[in-house]
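Take a look at this one chain, the form predicted on its own, written out in structure tokens.
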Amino acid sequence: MKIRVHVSLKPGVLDPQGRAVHHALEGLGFDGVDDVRIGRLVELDVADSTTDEALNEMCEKLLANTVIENYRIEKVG
């Protein structure tokens, strides 16, 4: 089973990488971009028997820093 884990910073957490991209877009003349937040995507290929609880535990223990990040699990296909 293919799994995608979308990880993003929680609202209110400073995103220096997003700020740099925002500044670069403005410098290139792109108007109308109010904010940029950078996240990451983790793709996993797991056994079909992998439970939702196990997927959550993977995220909580390793894939996301839950103090400053949110995550969303997506089952593909």
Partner chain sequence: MAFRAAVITFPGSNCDRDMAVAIEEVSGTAPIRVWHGDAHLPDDLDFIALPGGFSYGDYLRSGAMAANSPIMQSVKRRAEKGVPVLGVCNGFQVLTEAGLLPGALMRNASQNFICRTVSLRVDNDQSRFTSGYEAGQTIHIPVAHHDGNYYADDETLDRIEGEGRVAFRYVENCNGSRRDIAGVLNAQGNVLGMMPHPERAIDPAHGGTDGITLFESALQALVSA
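Nothing here was measured: the structure is a model prediction, and the numbers come from that model. Residue numbers count along the first chain shown, from 1.
We do not show the form predicted together with the partner chain, though everything after this point is about it.
Residue contact check for Leu25: none of its heavy atoms lie within 4.5 Å of the partner chain in the model of the complex. Although the partner is absent from this view, Val13 contacts the partner chain in the model of the complex, with a non-hydrogen atom inside 4.5 angstroms. By the criterion of a heavy atom within 4.5 Å, Asn56 is excluded from the residues contacting the partner chain in the model of the complex.
Residues Lys61, Leu62, Leu63, Ala64, Asn65 are the ones in 47-65 with at least one heavy atom within 4.5 Å of the partner chain in the model of the complex, listed in sequence order.
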